[in-house]
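To begin, one chain is listed below as structure tokens, in the form predicted on its own.
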Amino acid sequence: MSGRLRNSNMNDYKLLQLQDAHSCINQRANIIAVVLEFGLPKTTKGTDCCCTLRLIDETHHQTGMSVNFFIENAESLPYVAAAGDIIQLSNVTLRTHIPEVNAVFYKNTSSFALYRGNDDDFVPYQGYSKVFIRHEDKIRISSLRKWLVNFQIPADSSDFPMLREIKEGHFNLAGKILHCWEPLKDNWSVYVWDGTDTPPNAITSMLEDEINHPLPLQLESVPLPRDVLCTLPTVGSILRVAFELPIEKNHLNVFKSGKWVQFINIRLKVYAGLWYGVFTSHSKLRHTPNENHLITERQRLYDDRILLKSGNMPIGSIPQSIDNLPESLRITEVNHDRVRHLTLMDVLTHSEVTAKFKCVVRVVAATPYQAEKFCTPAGKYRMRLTLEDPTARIHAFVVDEDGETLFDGYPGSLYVKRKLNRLLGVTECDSIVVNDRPRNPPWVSVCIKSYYVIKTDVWGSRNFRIFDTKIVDSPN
């Protein structure tokens, strides 16, 4: 369309392009445009529900224009199937909110229809009030569909940090949706991945709290079912994203498994050392074709990573392959140097109940923590360690002869405690433990074996043990 407004020959119907919205302030307008970003519904201070969409077209695609919807219930608000779909708006009012112009959709006078952005028909999949589609509307929809095929929204990679670069606060993220889950009623989580590893966090919990308030193995109240867990990638962190406000199940359709999306203004937080995201009332999703350079960049980095021998090791956390670290940085020795390191997700999703693994992990908790309780009354080691890497956390037991290997026999409670403190990242000053400082456990190599304790429930009773791993003497 070359003109600013398009008139029907049959009536005074006008179709507005976004670049001309500024000339129609306080007027009603008809608009057909592409949905660039959209938020989720929320309740206003009155009785209505509202949501915001940001639209673009070929005349105004750098920042686009927002549309605020006010309708009596959440079910009637537009639930966009995918960013990049097309919306037809009738009788929306243009307002100015300096320096931007936006549109307001009023339930009593406005109407909308949503169309697939990658389809050929003109049948809306959702609408509000009666929308009549004219010949010029069909031409406009077809034109936008053709334009959208080769359109890519300008986006600087620095505006979308990878998971390995995140910090606490509000950020944009580009990632792949792996799964949506409702561990508790009306409490949904979305699982997001980009092939990189989230940074490790300091552990602020006190060691003595581990018995009564252990560090969680996952953010959910219950772990993912094994059949779902086994479908997830075993390399790269998986970020859990929760919702600040209740969400209708039909609005979860936009979080399709396998689809790459861009999250705009998502809040990143840490709980018990675990990263998670919050989709707030100000967060939005953005149109993200698979050819988007942010997506191809992440996919290429992941493809290159898994080809490396050290590809399963935490990126950015270890200066180089652990097999080549200087002796002074080696805290543990394992008896399987030539075995490739795997991730804890590899361990959890292994196809056999009993197996042996070598992993690079951090020891983030131990119970018991008192040196005098490391052994049973019979003099045998028995303790539980909490291990983490960028993919998962697990409990692993240290029992009997495996404890003798780990601590090099029975050197006495003082030396055993010092060795364990090195694993836990406990700060010592002149041999005195400083309890009020956050712990930053080092990365270490360990061997893990899986086993079961109930023959009739081998998967349900699956446990893990540390074996063939030794804490070396501290270099002095």
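Note that residue numbering begins at 1 and tracks the sequence as displayed. Quantities reported herein were computed from a predicted structural model and do not represent experimental measurements.
Below: the form predicted in complex with the DNA, not depicted.
Peer 1: Counting any heavy atom within 4.5 Å as contact, can you tell me which stretch out of 408-416, 440-448, 23-31, 61-69 lines the DNA in the model of the complex?
Peer 2: Flagged stretch: 61-69.
Peer 1: Using heavy atoms only and a 4.5 Å cut-off, decide whether all three of K45, N102 and Y106 touch the DNA in the model of the complex.
Peer 2: Yes: each residue has a heavy atom within 4.5 Å of the partner.
Peer 1: Answer for R95 alone: is it within 4.5 Å of the DNA in the model of the complex, judged on heavy atom distances?
Peer 2: Yes, contact at 4.5 Å.
Peer 1: Report whether the minimum heavy atom distance between T52 and the DNA in the model of the complex is within 4.5 Å.
Peer 2: T52 belongs to the contact set for the DNA.
Peer 1: Within 4.5 Å, heavy atoms only: does H287 come near the DNA in the model of the complex?
Peer 2: No.
Peer 1: So which residues in 336-359, when you check the DNA in the model of the complex, have a heavy atom no farther than 4.5 Å from it?
Peer 2: If the 4.5 Å heavy-atom criterion is applied to the DNA in the model of the complex, 336-359 yields nothing.
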